[in-house]
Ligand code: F6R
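In structure tokens, the next block holds one chain alone, the form predicted alone.
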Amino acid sequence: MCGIVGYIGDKFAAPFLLDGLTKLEYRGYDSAGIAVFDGKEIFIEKTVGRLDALKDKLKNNLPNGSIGIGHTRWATHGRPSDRNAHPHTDCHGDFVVVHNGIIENYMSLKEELIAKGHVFKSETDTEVVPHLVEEYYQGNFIAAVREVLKRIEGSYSLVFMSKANHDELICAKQDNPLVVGIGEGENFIASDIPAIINRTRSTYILNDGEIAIIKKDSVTITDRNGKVIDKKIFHVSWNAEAAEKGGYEHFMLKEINEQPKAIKDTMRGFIKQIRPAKNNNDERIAQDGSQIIFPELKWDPAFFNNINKIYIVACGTAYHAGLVGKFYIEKLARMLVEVDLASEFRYRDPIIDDKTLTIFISQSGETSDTLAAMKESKQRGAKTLAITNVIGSSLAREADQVLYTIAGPEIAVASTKAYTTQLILMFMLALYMSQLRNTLSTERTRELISLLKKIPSQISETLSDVEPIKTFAQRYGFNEHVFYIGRSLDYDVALEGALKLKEISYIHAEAYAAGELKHGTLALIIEGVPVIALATQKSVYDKTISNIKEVKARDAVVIGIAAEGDTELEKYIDHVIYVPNTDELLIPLLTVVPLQLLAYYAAITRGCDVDKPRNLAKSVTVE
């Protein structure tokens, strides 16, 4: 979720670059920098920290050039620091690049470039890009850029600047947003419309695979092979506030819709394709397959000989992700897992020693209770693994090892994309452990990975039709009590669904394991009370149907969440919301999406402040 800006025209570039980056601060960042061609050299200033720190550095030294690029960085490779901040250059400072995304094959490219004599200054994946331009440049800037794009793998929005070709900027897009603003005698580049909305409302929204060659008085858009694309101008009608939200009414809705990309980004680099051996006649071996890899963990089968218990420790939504993670690890890797609330963990004198693996989950990496629980575990000799969304966070620094979700910043207080990326990472971690422990067949592993790859598109499909959910929210949004029920993984997801409703709509919502209804909870079910029933787990499906019949017998209004193709559930309930069908292990990633939307539209119905619910903060940094 880095911020990118670019300017070329007759005016000074630096004031626009700083203003544009300020307009993108809502995206979140840990460092910032600009590069401007001043007529002789490319001037670069960058720093870790807030934009104010960069502005202070430039206060008495603002470059006077009329072409430049700028960047705010959200760290993914290399911790936040001055040297890891963008822009990045080649060996001689002739080429400068800013980048949003992930270069998956950067390490092999870096090793290749170092072998050829290139010297790197940062830990980032991005720095390979300007070095590749240097390698391919033979006097034709765009030709060199096209060669670079052939070599890199992953997601990116890239902007290139050259000292020798200082009358043009080149940008390219793949899986990350990039916008070109059209002015008079000047043109602009940005990763998001708010950066340019005060300068122009005429834009080109680049599509994947497109390259833009931008001069002060022209914009040429081509495909990667150089074929010119006749692209229509998009006129922005949003106001500045709406533009920050990408046209969505609230950040929460924007972030719900960002989940397919966030999950795809988090999966990148952890799924390795296994190629069939040449001339291999064994069909089982010759079939293409995949495996999960976590090279940074450096685990091997022997590692688990010294682990007899796993704890997952977290708070709030991350705790709910941990409950699903427990199921994944126990089911796939066949290891004993206990999940605990970080706020309670230390105070019950947990049984921990050097044969314990403790996994701590926190979106911000700054949750006070989770940090305290980690310190307690380390003091008792446990091995610690952090799962967080923020590189360089306190949790990441304290842990023995760390895995990052690539959700980008979450602005809304209610967590959505952080939760689903935590689930996807926990699922891949459990599969990785199963591979090391040899607890799953190769066929089952490949089946699950194949289904895993489909999840982003299936979430997009789930998000494509929200009208029924809006209708339910409008009809039942003024009820003061709502109950959620489910069994197995459905119960874990129900807990998260109820939390979302409580957080932002202020409706009293409770989730119950459906099999526990008879043990007291059924006394709360009265005529007309809404019950959200999740029924996706085939292993307990018949049991769930029986529990649904129990609440219907008390005249509750039941909204079911089911997989496509389920024609049985609708016989017993009032309404059904369907999600695409997949393995019952992976379906929590889909069923949570309508629950997020239901909470969102219920809050809208009740006139609540969706992004900033009362009494709550995004990150709980006090005990």
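Source: prediction; values computed, not measured. Residue positions are given as counts along the sequence shown, with the first one as 1.
Not on display, but discussed next: the form predicted in complex with the named molecule.
Only one segment in the set 217-225, 130-138, 355-363, 155-163 has residues whose heavy atoms sit within 4.5 Å of the named molecule in the predicted bound form; it is 355-363. Mapping the unseen interface onto this chain, residue 487 falls outside it, with no heavy atom inside 4.5 Å of the named molecule in the predicted bound form. Residue contact with the named molecule in the predicted bound form: residue 316 places a heavy atom within 4.5 Å of it.
Proximity of residue 255 to the named molecule in the predicted bound form: non-hydrogen atoms within 4.5 Å are absent; the residue sits far from the partner. By the criterion of a heavy atom within 4.5 Å, residue 413 is counted among the residues contacting the named molecule in the predicted bound form. In terms of contact with the named molecule in the predicted bound form, the residue from 402, 337, 499, 323 that brings a heavy atom within 4.5 Å is 499. With the partner removed from view, the residue among 265, 492, 503, 192 that has a non-hydrogen atom within 4.5 Å of the named molecule in the predicted bound form turns out to be 503.
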